Structures are given as C-alpha cells and as structure tokens.
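Presented below, as structure tokens, is a lone chain in the form predicted alone.
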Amino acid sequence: MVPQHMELQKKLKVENFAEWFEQTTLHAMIYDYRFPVKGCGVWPGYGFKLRRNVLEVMRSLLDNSGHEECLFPLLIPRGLLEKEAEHVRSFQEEVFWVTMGGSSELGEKLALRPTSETAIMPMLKLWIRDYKDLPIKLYQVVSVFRYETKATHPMIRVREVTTFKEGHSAHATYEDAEKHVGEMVGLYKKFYEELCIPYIVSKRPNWDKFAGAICSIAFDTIMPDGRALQIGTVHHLGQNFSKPFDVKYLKPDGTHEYVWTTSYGISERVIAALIALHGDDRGLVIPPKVAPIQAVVIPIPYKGREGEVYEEAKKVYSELTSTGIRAIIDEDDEETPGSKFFKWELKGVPVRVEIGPRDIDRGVVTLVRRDTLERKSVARSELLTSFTALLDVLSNDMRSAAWKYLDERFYKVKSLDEAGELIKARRGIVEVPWCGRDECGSTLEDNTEARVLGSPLGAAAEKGKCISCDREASNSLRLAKTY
C-alpha cells in the first residue's frame, strides 16, 4: 500500500489547486472537511496549533494597540438584527435562524450571528456614558454563520467561519474613527508581513462595500489558480449603527452626540492563503513564526552505531527545546529515514535536523530547509546560532518569493480587450483607468465577467481614458476573478 503522503505528490498544486488544497490540508492534519454538514470543517490537533499560532500574532498586535478581548453571545434576536436596515438586507439570504427551543416555538426568531455589529451596539449603549469612556476598542475570536448557497470550499467559502476575528471600536468624532481605520490598515499590514503573505489594499466600491459602512477597505491576495482572495477588511461605519441603536455620549459642553464606530475582521481565509501561497507539491511550507513544529530531529542510524546516533539526537532535541524552539524527535524505528522525510515535508516543518554516524564523526549536524530542500552542515557547537539564523533567512526568503509571485500577477492595462483576456485566463489582478462613476465600474464587472476589488488608497489621478466610457480617468479600478 502506498502511504498517503506519497499519493499526495501526484496531485499537483498548479494543475488542480482545489484538489491539492483539500488533500494537502487533510493528509497533513490541518483541516478535515469530511464532517457531515456541508460547509463545516474540523481543525485536528496539528491544524489547531497552526490556527492558534496565527491568532496569537493577531492577538499580540491588537493587545499592544489598546484593544481588549471580549466575548459576545452567538444568538442575536431578530429585532436587533433588523435595526440597521441596509445591514439586515445584505444578510437576509445568508442567516441561519433558530426557531425552536426544544419542542416549543420561540416567540422571536434568533439568528446565528453572521457578524456582531448588532450584538455589540446594545452593550455599548450601556457602557458609554460620556467622552471619558471613549474610545472603546475591543475584539473577539468566534464562529460566525453564513448560509452559503454557492459551492463551498474548505476554509475559503464555508457556512461556519470558525476563525472570525472581528474588531470593533467607538469614537467621539468622525476624525478619530477615520484615524483608527488607518491604524488598523497598518496593523493588518504588519500581520500579513509576519505571515509572509503578500497583499494589495483597495477601497471597496460604493456598490459593494460592507452593508452599513460609509467606507470599506479590503486586503486581497492572489491564489495559485489566479483568483483573488479577500483576506481582511476594515470598515468606517460612521454613525450608521449608533443612531438606530441610540448609542450616544455626553460631550464636555453638556450636549449629547452619537458615537462613530468602525469594525475590522479576518477569518480562516488567512490560513488558507498561507497554505496556498507557500505550499508545494510535497505539501505544506509553513513560516517559522507560526509553524506548530519548527524543527524535527531525525536520527539516521547505522548498523552497530544505533545507540550512539539516538543518544546524540536526543541531546540535539533537548538543546533546541531548552531555548524555546518548537521541536520534536522522530524515533519511530519502523519507518525509514526517507519515509520520515516525506511525512514531515508534508506537514511543512521549516527545518529538518539530520544526525547520522558521519555527522557525529565530523562534529556537525545537517540542517535541511523545507522551502528549498537545501542541505547545510553546521558545526555541532554552533547549532543554536546556525538554526536561529536559518529560521530568519527562511522567513525572509518565503516573504520575498510570495511578493514576487503577486507582483508578477498584477497588471496595469489601458485596454478593455487586454483586461478581459487576462481575467478570462485567470492570470491575476488587473488595474485599469476609471472615470470614478459607479455605473462604469458595474459595467466593467459585466464586460469582463470579473469582480471589482476596489481602487488604490490615496492614489493620484490616473492618466488616460476610462476604459469603460472613454471619459478622462480620475482613478483606477482593480478587477479579478474571485472566490
């Protein structure tokens, strides 16, 4: 019988990305999509560690920027969800409703939260009294539920979003809320850089911004199949939620004013992007910062010297773990070294540490980096220094390779035909001159069978003619096939 990790190599990432992604995450024990409810997946132990490490990067950034982690209820009464009319209209076909309690019908339907603005606002009304209580910055990591009617995809298009980090803030002025939006865009940039994920940042078009927002900013990246994936959003909500929920504060002059709010979120799409962008036909390639296991020590015994090799491997393992490196030792004597190599390459462990009799005789260990499979012998006495330096090099190289991949698939064109051809071939993201009118943007979506991602932030006026109506361009639009 051929081991699963050997079979996996026959499923090429570029030729059939969807199959590669599902099989890789399954066999590497990252995400199991075989749960008997469509659109719902399970995080096994190894995948849960990766998820936790990714979220800890975000938690650290938010905690250090004055946020507090909270937890709000899953159930939202229908009356609360309907308070912001535009908001509920956008979700009305996606909401899961709880209508029964035991055998009794509920007096009011309860929604499984699709997002939490309408759950948080009633509590802010209770917590905010005067200007001294502002700003409030909070976040939670929870499941949200969307009745996804399109074809589902593991982590990318699901009905239970299990890793929904949503942040919310309330401010005394429009300007303070606007400043916070900029700060959160900057925070998200740091987050993606830590994960070696490249991105473009765009202001969403008016016809496709978050329901209830006055401005939406989105982060997108490009997946191996050429489609764009939205991996994060930041929204300026203005007073569109504070007014229907009557959330006011007392100003220093004794008058009352509605607060200004923002929200910003990520989901497991971030982990999907991390897996998709860095992985290869052997399996996962995980950035060291978030890798569940950063090093696997593999003894390579030789007849008559088995005890010596295993003893040295244990010493190396102890030395690595004593400094906080997440390491394991694979002492399974029923597997060949080659089979172990395949197993840990599939799981994306950044560095493999090999120890055999020749290494011991020479006073070295062999380090093999997962991204390039390059081998390097380093002095045993310099193991920790060499290993730490290699993690830094590996991270920087992964980041550079990912940005190169995105840059090579981002096109600026001035012809509708050229834009259409690139999009049809799923070559990546196309940026075109635009007059700034919504109707032209919508027409571009129809003519190219793509989705508008938005406009560049703070961009100067684009030179040339709008490729939709031939008027003078005042900005640009980015289009791509999306999930």
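Note that the structure is a prediction, hence the values are computed from the model and not measured. One rule holds for the numbers: they count along the sequence shown, beginning at 1.
If you look for the form predicted together with the RNA, you will not find it shown, but the lines that follow are about it.
Contact annotation for His67: none of its heavy atoms lies within 4.5 Å of the RNA in the predicted bound form. Interface residue remark: Gly458 is not counted as part of the site for the RNA in the predicted bound form, having no heavy atom within 4.5 Å.
The closest non-hydrogen atom of Glu335 lies within 4.5 Å of the RNA in the predicted bound form.
With a 4.5 Å cutoff on heavy atoms, Ala18 counts as touching the RNA in the predicted bound form. Annotated contacts: Gly39, Pro357 and Arg426 all touch the RNA in the predicted bound form [non-hydrogen atom within 4.5 angstroms]. For the candidate set Leu383, Val413, Ile300, Val142, a heavy atom within 4.5 Å of the RNA in the predicted bound form is found for exactly one residue, namely Ile300.
The contact residue chosen from Lys289, Arg282, Arg409, Lys203 relative to the RNA in the predicted bound form is Arg282, the criterion being a non-hydrogen atom within 4.5 angstroms.
In summary, the region of this chain contacting the RNA in the predicted bound form, judged by heavy atoms within 4.5 Å and restricted to 399-407, 163-171, 346-354, 130-138, corresponds to 346-354.
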